[in-house]
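Have a look below at one chain only, the form predicted on its own, in structure tokens format.
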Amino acid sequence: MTDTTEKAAVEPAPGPAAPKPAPAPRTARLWRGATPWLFLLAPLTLLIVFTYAPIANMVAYSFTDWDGVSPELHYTGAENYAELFTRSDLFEVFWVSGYYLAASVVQIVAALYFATILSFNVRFRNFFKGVLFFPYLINGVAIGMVFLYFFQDGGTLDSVLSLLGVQTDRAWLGTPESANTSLAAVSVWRYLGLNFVLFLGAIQSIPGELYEAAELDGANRWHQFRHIIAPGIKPVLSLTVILSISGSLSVFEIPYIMTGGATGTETFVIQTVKLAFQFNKTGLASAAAVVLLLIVLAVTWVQRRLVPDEKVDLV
């Protein structure tokens, strides 16, 4: 009885409960919920106005006979698409994309090689990084004009070959085979830096402890590339393949500036531009652009199905 009395005397009496914080005002809650959307308003507006609205207009024009100038246009249904798929000459230009597709393979292999080499501690690696990436910073029009003089008869290439004792009277842009090969080589030179930077960033994101552990186990550079680098950059490699395939199908800038599509170098995009602005067949050109968009999406989907992204855990 005494112990119970003492405990009751020692224990303090329970005080009043702490007051609950007042709920935020309704206006503050609304602003808090709307703030992310306010930040997204400007980019979403630009995306809709300059991307999705033009795509919608392009799809709408593909069902008309609009010439791009007249204020009047007439609905023609699927006639433009029927003309596209019944004229084989409109799809023969896709054979030209084969040159750029083969060049993209060379480009990916070269970019991966240089990225792997320069990811290790080699002399002057920062200098070589700048040299490889610099062509990607140059304007495409300037590149086209420079290489136009480079490949012309008696131009820079012929002069260099003559200094090396090689005499040639070949017109580098005179035949479809040599012209497309030359243009594809220019494309490799220009876009090599982009793939190089993508691969280099992916390689440098791999933890350095893995290389140290591999060296302790006696792994050489090839083993490190095969078992550490290659699995670690698989998502980036998949991305570069998608970009290369879509880029090969939609080549425009270099061949348009250097040859204008002459001597068998006309690509699907150059043909589409000529249909719209030279022959005033904007409806047919819009249908061709829609078909190209669907082809690129289909190729991307197939590639993603064949080589799905897998989470890589190297540690």
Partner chain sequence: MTRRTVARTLVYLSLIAATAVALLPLAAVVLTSLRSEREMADGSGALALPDDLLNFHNYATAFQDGRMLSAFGNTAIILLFAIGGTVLIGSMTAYAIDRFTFRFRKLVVALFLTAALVPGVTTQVATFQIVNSFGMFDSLWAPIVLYMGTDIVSIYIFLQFVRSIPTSLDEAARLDGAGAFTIYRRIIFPLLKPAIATVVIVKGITTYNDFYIPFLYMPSEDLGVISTSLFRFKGPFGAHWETISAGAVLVILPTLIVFLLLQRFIYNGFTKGATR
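All values derive from a computational prediction rather than experimental measurement. Numbering follows the first chain given and starts at 1.
From this point on, the text means the form predicted together with its partner chain, which you will not see here.
Peer 1: Pick from Gly130, Gly77, Gly174, Pro207: which has a non-hydrogen atom within 4.5 Å of its partner chain in the predicted bound form?
Peer 2: When its partner chain is considered in the predicted bound form, the option within 4.5 Å is Gly130.
Peer 1: If contact means any heavy atom within 4.5 Å, which of 139-147, 101-109, 88-96, 174-182 contacts its partner chain in the predicted bound form?
Peer 2: Looking at the other structure, the answer is 139-147.
Peer 1: In the predicted bound form, does Leu297 have a heavy atom within 4.5 Å of its partner chain?
Peer 2: Taking the distances in the predicted bound form, the answer for Leu297 is yes, it comes within 4.5 Å of its partner chain.
Peer 1: At 4.5 Å between heavy atoms, is Thr168 in contact with its partner chain in the predicted bound form?
Peer 2: Thr168: no, not in contact with its partner chain in the predicted bound form.
Peer 1: Report whether the minimum heavy atom distance between Leu118 and its partner chain in the predicted bound form is within 4.5 Å.
Peer 2: Leu118: yes, in contact with its partner chain in the predicted bound form.
Peer 1: I'd like to check something about Tyr191: if you look in the predicted bound form, is any of its heavy atoms closer than or equal to 4.5 Å to a heavy atom of its partner chain?
Peer 2: Although its partner chain is absent here, Tyr191 would stay clear of it in the predicted bound form, with no heavy atoms inside 4.5 Å.
Peer 1: So which residues in 53-71, when you check its partner chain in the predicted bound form, have a heavy atom no farther than 4.5 Å from it?
Peer 2: Going through 53-71 in order - heavy atoms within 4.5 Å of its partner chain in the predicted bound form - the hits are Ala53, Pro54, Ile55, Asn57, Met58, Tyr61, Trp66, Gly68.
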